[in-house]
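A single chain comes next, written as structure tokens; it is the form predicted on its own.
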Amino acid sequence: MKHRRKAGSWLATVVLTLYCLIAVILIGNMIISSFKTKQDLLFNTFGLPTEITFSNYDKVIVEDGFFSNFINSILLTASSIVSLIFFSSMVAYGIARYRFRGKAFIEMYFLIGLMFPIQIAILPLFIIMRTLNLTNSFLGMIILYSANMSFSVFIFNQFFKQLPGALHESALIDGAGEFTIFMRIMMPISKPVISTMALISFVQIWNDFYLPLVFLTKKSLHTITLAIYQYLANFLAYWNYVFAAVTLALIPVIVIFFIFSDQIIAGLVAGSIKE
């Protein structure tokens, strides 16, 4: 049994190491390619640039207004994360800490939601959003991202179930209301889970292409993924600009991951163990 565990651990280490190496090589080549001319990319695809040029970034940032798309993505992602964390944690807290009829059904409802992506309901969603005049609106996008809370509710639910009931009871004795208990006691305690869910949601929303493509048709509201798509639609003509645009889009993800990477595992462990 020990030999099998060691062999499995060794195999997993080798596979993950190879995966990391491939990812680093591909990301490195992308960054290097963003400083190449179109001709250099054609005849020197995987080598170092023969001449370093910043014209790709100048075209993307200055001429094409990539910075405005960058700001749109930041505003949409930040607002959606705050809304998602707030509402999903409230739902999960209610499910975890209170007994009521239909509790098992609601828990199962959110678990089933993990099986189905939001894209399969795009037609009824579009009809509803158009009827409510929420298309071409950041508010509509925030509502959509916040409603996709199954995974967040599941993690918060498991975390709140582990908390001792004495915390809630002692706060009630001290005269605190339910909302005060939730905001001043439960939320500070759940900081590791909040950090983890914020990071996971950030990557998902920041990289999302499908929902902005469907619901944000105005160019002034385009996110960073839609801006990149404009180059990909004419890849042969603009492939040197694609590398620059993708590199710019990747910078926030890499920076945030390296700053908060230690909290990801801690938060997932805290919110996924059921006693």
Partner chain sequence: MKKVLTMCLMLCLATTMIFAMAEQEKMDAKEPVVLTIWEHTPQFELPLKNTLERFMELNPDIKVEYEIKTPDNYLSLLTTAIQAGEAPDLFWHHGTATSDMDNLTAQNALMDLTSYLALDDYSEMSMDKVRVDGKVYQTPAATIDTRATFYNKDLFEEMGWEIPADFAEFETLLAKIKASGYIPISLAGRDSWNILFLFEPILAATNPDWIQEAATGSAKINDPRVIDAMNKMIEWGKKGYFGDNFLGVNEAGQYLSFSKGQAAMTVAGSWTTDTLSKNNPDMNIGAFQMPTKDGRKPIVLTYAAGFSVYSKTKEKEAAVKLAQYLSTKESQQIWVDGLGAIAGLKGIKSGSSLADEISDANLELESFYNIMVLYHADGEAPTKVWEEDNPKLLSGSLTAKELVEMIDPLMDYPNM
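All of these numbers come straight from a predicted model, not from anything done at the bench. Positions refer to the first chain, counted from 1. Between two forms, the rigid core is defined as the largest C-alpha subset superposing within 1.5 Å.
The same protein has a further form, the form predicted in complex with the partner chain, not shown here; the description that follows concerns it.
Chemist: May I ask you to choose, among 53, 68, 50, 230, the residue with a heavy atom within 4.5 Å of the partner chain in the predicted complex?
Modeler: In short, 230.
Chemist: Looking in the predicted complex, any heavy atom of residue 79 within 4.5 Å of the partner chain?
Modeler: Yes, residue 79 is a contact residue.
Chemist: Is residue 173 close enough to touch the partner chain in the predicted complex, meaning at least one heavy atom pair within 4.5 Å?
Modeler: Judged by the heavy-atom cut-off of 4.5 Å, residue 173 is well away from the partner chain in the predicted complex.
Chemist: Heavy atom to heavy atom, is residue 213 within 4.5 Å of the partner chain in the predicted complex?
Modeler: Answer yes; at least one heavy atom of residue 213 falls within 4.5 Å of the partner chain in the predicted complex.
Chemist: Does at least one non-hydrogen atom of residue 57 fall within 4.5 angstroms of the partner chain in the predicted complex?
Modeler: Residue 57: no, not in contact with the partner chain in the predicted complex.
Chemist: If you apply a 4.5 angstroms heavy atom cut-off, which residues in 105 to 129 are near the partner chain in the predicted complex?
Modeler: Residues within 4.5 Å: 122, 123, 126, 127.
Chemist: Core superposed first: is there a CA shift of 2 Å or greater at residue 210 between this form and the one not shown?
Modeler: Shift of 2 Å or more: no.
Chemist: Relative to the superposed rigid core, does the CA atom of residue 229 travel 2 Å or more between this form and the one not shown?
Modeler: Indeed, residue 229 is displaced by 2 Å or more.
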